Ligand code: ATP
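Only one chain is shown below, in structure tokens, and it's the form predicted alone.
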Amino acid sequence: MSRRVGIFGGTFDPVHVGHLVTAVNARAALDLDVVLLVVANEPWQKLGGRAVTPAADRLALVEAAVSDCEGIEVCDLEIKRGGSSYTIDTVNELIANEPDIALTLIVGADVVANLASWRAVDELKQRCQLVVVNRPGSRLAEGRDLERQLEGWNSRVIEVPALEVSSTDLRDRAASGRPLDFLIPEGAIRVIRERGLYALDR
């Protein structure tokens, strides 16, 4: 049988418990063999914004975070490929490496409105299922608006626990020495401290 694989991409700057809760719950809800946390090399959506932590450091954070998570793995394809990261390139590479793979693209509800701007979105629609992760109290579009945004996708919506965790706040916490416990997986906290990530003088 084909391996059922979830793709959950992001900058992960830093990875936090909200990411892992999403991955774990999506895997269970969709009966996936594995969920890949795909670490972006250069996230095209954030070009021209704040400086992003080097990809090697973000990869180390995710590797440490998922080391004890059954069925959750880190994927470094976008970092190895270099340049700007586009989901379609990752999907095509995964299929080239494993032609029988069944791919599910996992995105947050906040991403839905921007899907039309993604590179080769029509090709993506043909190559993978789309799963939208909704959280209680989120502002996911409903009815005809949601149907329009998801038109052409083989899609479904799942709900995961709502955790208000902000990567911006976590970077500020790390810089000011405030606690990161229970917000970031313990292994990733160790990497932050060992590498001096998010310090004000970097």
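Predicted model only: the values in this text are computed from it and were never measured. Numbering starts at 1 and follows the sequence shown.
Only in words, not in the display: the form predicted in complex with the ligand, which the text now covers.
Check each of Ser67, Ser167, Gln149, Asn154 and return the one that places a heavy atom within 4.5 angstroms of the ligand in the predicted bound form.
It is Ser167 that has a heavy atom within 4.5 Å of the partner.
Is Leu36 one of the residues lying within 4.5 Å of the ligand in the predicted bound form, judged by heavy atom distances?
No, Leu36 is distant from the partner.
May I ask you to state whether Arg135 is within 4.5 Å of the ligand in the predicted bound form, using heavy atom distances?
Yes, Arg135 lies within 4.5 Å of the ligand in the predicted bound form.
Could you confirm whether Val111 comes within 4.5 Å of the ligand in the predicted bound form, counting heavy atoms only?
Residue-level check for Val111: yes, a contact with the ligand.
I'd like to know whether Val74 contacts the ligand in the predicted bound form, with contact meaning heavy atoms within 4.5 angstroms.
Val74 lies outside the contact set for the ligand.
Just one of 59-67, 173-181, 25-33, 159-167 has heavy atoms within 4.5 Å of the ligand in the predicted bound form; which?
Only one stretch qualifies here: 159-167.
At a 4.5 angstroms cut-off on non-hydrogen atoms, which residues of 1-18 are near the ligand in the predicted bound form? List them in order.
Phe8, Gly9, Gly10, Thr11, Phe12, His16, Gly18 sit within 4.5 Å of the partner.
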